[in-house]
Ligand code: T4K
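We begin with a single chain expressed as structure tokens, specifically the form predicted alone.
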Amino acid sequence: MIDTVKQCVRIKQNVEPFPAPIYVTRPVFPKIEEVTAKLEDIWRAQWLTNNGPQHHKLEEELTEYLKVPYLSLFNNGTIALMVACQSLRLTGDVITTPFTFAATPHVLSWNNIRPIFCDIDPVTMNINADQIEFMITPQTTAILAVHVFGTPCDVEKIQAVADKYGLRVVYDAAHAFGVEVDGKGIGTFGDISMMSFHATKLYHTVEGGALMHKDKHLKERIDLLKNFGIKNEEEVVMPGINGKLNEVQAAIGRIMLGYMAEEREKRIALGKIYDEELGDVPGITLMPKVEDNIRLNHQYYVIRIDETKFGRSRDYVYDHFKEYNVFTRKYFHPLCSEFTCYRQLSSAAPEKLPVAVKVGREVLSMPMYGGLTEDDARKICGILKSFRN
């Protein structure tokens, strides 16, 4: 009976499900012959991991591409962020956002640091820089902010607060590959910034990550920490971890740099279609607009759904999209502050995070990847508008 009702609705709307699943994202795959050529280089060098030639070349190329003074490669972004905390010797409490991927507060916990959740800005969905100062205590040692969906945080205001109280600033820039502010790479702000090169990101090394920083001595410490603290064959100078990126992934990363311009342009075109199709729909809030001095990477396209104005909840839309073979994501739901491992914290109380709670119930990440056609994007928008009650 339920299937019959769904079929009648589709006939009324004259929209058929997509024949194959449309996911929220798909990895960019390099041409296999390019990968094969790089593998032949690796086989000739007989070097698979542990700071080989592909690793060194990718570090050099990314340092230039991302416009940062120093960059250290890692096997994933989470390990990179853990090492960032270690390298700065962070302790006590660190102020962060509840509206982020689980890895952000987890790296604090793994470093025996207590995350202190600060509410978010209602427009950018980043940490609310105006509230950070009120949360600082004698136990606070740093601010861990996230450039959510690639939209830069208020880096100047955050740095001003940090300077006033002698705090470190770490940025989770997992979403912000290639983002720039006033022509400066996003990795030049704060003490350290982390990027994720996971396959779901705009740029990837299959799995991987990096730390970006401005201090030569800090890079030396980071590079020791990611390699067990080994200084040479006979000296281990600190307790490190295995965070190295291998040669195969580094080689793929070098190839992927050549795909970034085209992929970004395709996503810009898709974003314009979403803007055009959804901009006037009551109850739909689009990605926040940014100033002209900011260069975005267009990795994500996120909307917010106001149930009162749209007539349907975000969860209704998320569930019913699946009937059309469209798979969106509720980034980031539940909030990190709602996890069982954090909800007992005083700062995790919902009444202290009203904006984050509201946004967490409204946000929906739409399909966004270069392989998605413009016709597909328009059809997805048509399906979404058909849900409106």
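Counting begins at 1, following the sequence as shown. Please read these numbers as outputs of a predicted model, since none were measured by experiment.
Same protein, other form: the form predicted together with the named molecule, not shown, and the subject of what follows.
Peer 1: Is K358 near the named molecule? Define near as a heavy atom within 4.5 Å, in the predicted complex.
Peer 2: Heavy-atom contact with the named molecule at 4.5 Å: absent for K358.
Peer 1: At the 4.5 Å heavy atom threshold, is A174 in contact with the named molecule in the predicted complex?
Peer 2: Yes, A174 lies within 4.5 Å of the named molecule in the predicted complex.
Peer 1: Wondering, does F101 line up within 4.5 Å of the named molecule in the predicted complex on heavy atoms?
Peer 2: Result yes; F101 sits at the interface with the named molecule in the predicted complex.
Peer 1: Please determine whether N76 contacts the named molecule in the predicted complex, using a 4.5 Å cut-off between heavy atoms.
Peer 2: Heavy-atom contact with the named molecule at 4.5 Å: present for N76.
Peer 1: Looking at 161-169, 192-200, 249-257, 267-275, which stretch has residues with any non-hydrogen atom within 4.5 Å of the named molecule in the predicted complex?
Peer 2: Going through the listed ranges, the match is 192-200.
Peer 1: Could you tell me if all three of Y23, P27 and V146 have a heavy atom no more than 4.5 Å from the named molecule in the predicted complex?
Peer 2: Yes, all three are in contact.
Peer 1: Which pick from R329, K352, K67, R343 sits with a heavy atom within 4.5 Å of the named molecule in the predicted complex?
Peer 2: None of the others qualify; the residue that does is R329.
Peer 1: Let me know which residues along 279-302 have a heavy atom within 4.5 Å of the named molecule in the predicted complex, or say none if there are none.
Peer 2: Residue within 4.5 Å: Y300, and no other.
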